[in-house]
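Same protein, same chain, two forms; see structure 1 and structure 2 below, as structure tokens.
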Structure 1
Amino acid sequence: MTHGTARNIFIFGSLLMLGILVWLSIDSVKAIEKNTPPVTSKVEAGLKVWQKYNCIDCHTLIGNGAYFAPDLTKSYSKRGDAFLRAFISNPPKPMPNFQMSDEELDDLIDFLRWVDGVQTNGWPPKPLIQK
């Protein structure tokens, strides 16, 4: 293979792949809007709370984050509103107590409810051995 051929493969191959990625991304973003529950202003505010307290640098959400604390994707359906509220207001060690306002707590729980509704292609898989 000549130098020029390799360079052309690099240039045109990369552009082709980038083109496919852009095309799939436009399609994916549309699909995500269908695969996720509607984003209300409270959900949006809840995402801001999630970000403000840097939750992702301990927890994971849809498996992405810091692996130091549990994944919270299905926490809403698993634990329920009241449990989450009590847990976050008075967390066991080593989780810090963030002293959130009632409004922040409401929004955060609404956000976790929203995440619970994301269509995740079956992730996380159910444990093979049930307790």
Structure 2
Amino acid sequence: MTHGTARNIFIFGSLLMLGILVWLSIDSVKAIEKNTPPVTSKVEAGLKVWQKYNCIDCHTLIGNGAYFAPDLTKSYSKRGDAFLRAFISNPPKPMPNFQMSDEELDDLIDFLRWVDGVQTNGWPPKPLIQK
């Protein structure tokens, strides 16, 4: 193989891989947009409440956060609005009672509803041992 042939193979291969990378990136962005519900101002406000009270220090969302307390990714569909509202308003120990305002509570529940609607391809997995 000559030096020119090797150079041409390298350039062609590099351009081919770059094209594949660009195509996969565009496809991924389209999939994310399709599998994610629209973000509203209430969802953004709920994220701020989530951050204000450092919920991620104990809880997990979509695989991110601590594993000290339950994963809340699908908590809205599992428990519903009324349960979450009552639980967050008067939590059992060791969860602290943050004394959230009604508006903060509404926003946080809207955020959890939004997270629940994100297509996570089966994440989080079901526990091996059912309680």
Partner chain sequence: MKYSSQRVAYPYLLLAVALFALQIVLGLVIGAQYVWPDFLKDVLPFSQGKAIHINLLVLWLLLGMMGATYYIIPPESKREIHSTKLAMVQFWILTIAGLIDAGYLMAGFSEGRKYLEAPWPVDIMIIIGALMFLYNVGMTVLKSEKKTSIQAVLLTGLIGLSVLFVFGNVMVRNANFSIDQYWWWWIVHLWVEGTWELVVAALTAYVLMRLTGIPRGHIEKYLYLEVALVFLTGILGIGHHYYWIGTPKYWMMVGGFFSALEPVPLALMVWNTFQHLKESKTVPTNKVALNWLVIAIIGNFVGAGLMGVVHTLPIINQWTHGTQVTAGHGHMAFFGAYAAHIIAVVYFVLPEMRGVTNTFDQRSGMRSLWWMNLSMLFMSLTLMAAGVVQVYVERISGVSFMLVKNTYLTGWMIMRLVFGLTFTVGVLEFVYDFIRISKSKPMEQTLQNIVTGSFSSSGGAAATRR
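For the two forms, the rigid core is made up of the largest set of C-alpha atoms that agree within 1.5 Å on superposition. For residue numbers, the reference is structure 1: its sequence is counted from 1. Since this is a predicted model, take the numbers as computed values, not measurements.
**OP:** Would you indicate whether the form predicted together with the partner chain is structure 1 or structure 2?
**Re:** Looking at both copies of the chain, structure 1 is the one that matches the description.
**OP:** Have a look at I88, S101, E33, K74 and flag the one at the hinge, given that one rigid part turns against another between the two structures.
**Re:** Domain boundary, by the fit switch, is at E33.
Original post:
Considering the two rigid parts of the chain, by what angle in degrees does the smaller one turn between the two structures?
Top reply: When the larger parts are aligned, the smaller part is off by a rotation of 32 degrees.
Original post:
How much does the C-alpha of S25 shift between the two structures, in angstrom, given a rigid core superposition?
Top reply: Here S25 registers a C-alpha shift of 5.8 Å.
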